[in-house]
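Next up: just one chain, as structure tokens, the form predicted on its own.
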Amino acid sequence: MTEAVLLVGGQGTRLRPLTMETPKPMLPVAGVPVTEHQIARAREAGVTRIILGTSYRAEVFEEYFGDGARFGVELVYVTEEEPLGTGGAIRNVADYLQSGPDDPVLIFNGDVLSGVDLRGLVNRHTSDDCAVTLYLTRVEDPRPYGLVPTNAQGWVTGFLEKPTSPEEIVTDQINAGAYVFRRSVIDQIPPGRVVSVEREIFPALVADGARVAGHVDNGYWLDLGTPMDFVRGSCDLVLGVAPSPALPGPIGESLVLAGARVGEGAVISHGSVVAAGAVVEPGAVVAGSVIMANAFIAAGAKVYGSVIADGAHISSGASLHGVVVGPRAVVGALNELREGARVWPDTRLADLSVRFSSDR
């Protein structure tokens, strides 16, 4: 295996306001973009050439990754001018593949953090001469996902998109967002139109009797689609729960990157990250959170399970629990924000200490 396709064209609307200025796959997870974690794991598995299928803010990827030499791989960029669905995005990069018709091509989504054994996935594909092999994982509640039942030999028998009744939940195996395609199958996807691999390509292959395998891997898996899952993924990497050779420091209780300043007596814990240029003043508490570049956490502020974006300012005495604060936003002193709150970029929340002082 030498070639892979990484689909990084999604806008990440569920992660707003974090993705209003940055593509979801470029958001820093444990100090580096999630795409960097994926590239590092692919390289570790033997991939030497990766095609990035881009769309939203496509230029950001090439500005950061360049030709890939710094990351030990060759990178090629292909931009999707209009949304084409998963299958359409895969077909859109076909002309840039160098693999032969029977060669395996690894394909994975840009919004999943995974510990899947990529070599094992490809070995299953090649040893059984499959048309496509799907990476599957098991979840306790499969209702939000696409279900993929398999028979005793591991061959896929059907595809059920997001079941709506208990009767439709026939398996706890879900499509985990990584595949191995025989190159010739990619070339057979209709070009130039929206195509869903889950609803169109995979079911058609199964109906035609093609070898479509489901490879179940029970290692770490997390969809980074929501702010709280984004925070969880970052913390899991720092704590060593999720694997990545791209982690920019040792695993431990926290990750404070070079150029960050943490004051005496500040508490940074539960897998928190403090990025370069960020300041956490003495007496502040940051637990299970992501503090991005140049953010400021004032003395006495408390940040739990939250994301504080680039240049945001959290004032003294503020308390945040499960909150997303957008770039350059200011949360005034003594504000208390609870689970689900989102502060848009450049918003300023009033300093409540002034109000309390006048009330006296």
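Sequential numbering from 1, following the sequence displayed. What you see is a predicted model; the values in this text were computed from it and never measured.
The protein also exists as the form predicted in complex with a small molecule; that form is not presented, and the subsequent description refers to it.
So the small molecule isn't shown here. In the model of the complex, which residue out of Glu281, Asp223, Asp217, Asp236 has a non-hydrogen atom within 4.5 Å of it? Checking each option against the small molecule in the model of the complex, the one that comes within 4.5 Å is Asp223.
Just one of Thr150, Ser254, Asn175, Ser244 has a heavy atom within 4.5 angstroms of the small molecule in the model of the complex, so which one? It is Asn175 that has a heavy atom within 4.5 Å of the partner.
Is Ala94 close to the small molecule in the model of the complex, meaning a heavy atom pair under 4.5 Å apart or at it? Because no heavy atom of Ala94 falls inside 4.5 Å of the small molecule in the model of the complex, the answer is no.
Leu84 within 4.5 Å of the small molecule in the model of the complex, heavy atoms: The answer is yes: Leu84 has a heavy atom within 4.5 Å of the small molecule.
Give a yes or no for Pro17: in the model of the complex, does one of its heavy atoms lie within 4.5 Å of a heavy atom belonging to the small molecule? Because no heavy atom of Pro17 falls inside 4.5 Å of the small molecule in the model of the complex, the answer is no.
Considering only heavy atoms, tell me if Thr54 and the small molecule come within 4.5 Å of each other in the model of the complex. Taking the distances in the model of the complex, the answer for Thr54 is yes, it comes within 4.5 Å of the small molecule.
Residue stretch of 183-191, 115-123, 154-162, 282-290 approaching the small molecule in the model of the complex, non-hydrogen atom distance within 4.5 Å: Selected range: 154-162.
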